[in-house]
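Take a look at this one chain, the form predicted alone, written out in structure tokens.
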């Protein structure tokens, strides 16, 4: 690839896992779209020696650009700008005009909030955020902290360092100005288009796709292919230069031919997107009844904007009483086969469809643990998806019932998440015919 960049994510809260890193992956994709390959994403705590070592490591690796996130605030552990100044051999001094700008922003944001900070403490915090390495360009604040573009030491050839704030909203708002800066553009002059495409396959282990790729290795030159298996869903991500487009087209043909209907997405769409599109195109509605601990189908659907067009709601009937009173399960059914059974799953699906007046009903029941029995061990799950009305068989108009009995490994959370993934694909199977 032409241009390469490295990313340094700072913050002990990110390093220790208390806060998930949202900036590193976001920056990597933004740079990829700009034609820049990523060599490393390094996560470091709020220790100046570790931050310095990380930046020096990336400089030594020969990258064309370094981007940091975090460590630009008013507190004592916000040291990124100072450390970058030292690495780049630049004096570090107060920019009085910038301090006044930061003060005005802080005054506006704190007006009426009664934070109670003393004028002295506020002024000191403002001054700290207005310290600038000599020769660096200042990026206008999105929050209170300005960003920086810090050149390599005078008289040397090396990557500039873009210093961005940690809050994702501020970093993302500042990124266009950072990327457009002349120093950054010059550093990335060698960039070229870098394409990335995703294929999704259901119910296929990684070793199977690995064997397929080895078998067809001769026609896949120029492709960087990675695979990731999540809850029985295999994601195949390929990065390639435009010159390798014929090889990627050959890969798509191989996957289409060898995996048929299991290759459910050749355009990168997720199962959630496919289900949402199918429900909208059919004018169908959906509701759920889920008697299993952990994740829920209705919760996953609610994560998508516009879900109100097709999602009527969900019932979480953990005890038997709401199963009877809200969803119509009979005492006879629960006594004869139990609430964890194929019959109960279908009754839950029909109960959800009836109670919520939907075309599609989803019923899930199972043993998430920690206690099971010989006949019904932990991990035993029953799922039923019922379609009628707008979701009936498009040829005959008949009601459609899809049912599965599965044994899932893992913790309560794992079992719940895997059951939801399977249910989403059963809904897809019902709707995409």
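Positions refer to the first chain, counted from 1. By rigid core we mean the largest C-alpha set that fits within 1.5 Å across both forms. In this text, all values refer to a predicted model and were calculated from it rather than measured experimentally.
The following text describes the form predicted in complex with another copy of the chain, which does not appear among the structures shown.
A single residue from the set 237, 342, 271, 250 has any heavy atom within 4.5 angstroms of another copy of the chain in the predicted complex; that residue is 237.
Proximity to another copy of the chain in the predicted complex, defined as a heavy atom within 4.5 Å, singles out one entry of 400, 28, 34, 406, which is 28.
For the candidate spot formed by 304, 325 and 356, every residue has a non-hydrogen atom within 4.5 angstroms of another copy of the chain in the predicted complex. Stretch-level contact analysis of 242-250, 224-232, 131-139, 179-187 against another copy of the chain in the predicted complex, using heavy atoms and a 4.5 Å limit, identifies 224-232.
Interface membership of residue 206, defined by any non-hydrogen atom within 4.5 Å of another copy of the chain in the predicted complex, is confirmed. The closest heavy atom approach of residue 281 to another copy of the chain in the predicted complex falls outside 4.5 Å. Taking the partner from elsewhere, residue 393 is found to have every heavy atom lying beyond 4.5 Å of another copy of the chain in the predicted complex. Among residues of the shown chain, residue 62 is not one whose heavy atoms approach another copy of the chain to within 4.5 Å in the predicted complex. Looking at 50-72, the residues that come within 4.5 Å of another copy of the chain in the predicted complex, counting any heavy atom, are 50, 53, 54, 57. Superposed on the core, the two forms differ at residue 292: its CA moves 2 Å or more between this form and the one not shown. After superposition on the rigid core, the Cα atom of residue 22 is displaced by less than 2 Å between this form and the one not shown. Annotation for residue 87: C-alpha shift under 2 angstroms between this form and the one not shown, rigid core superposed.
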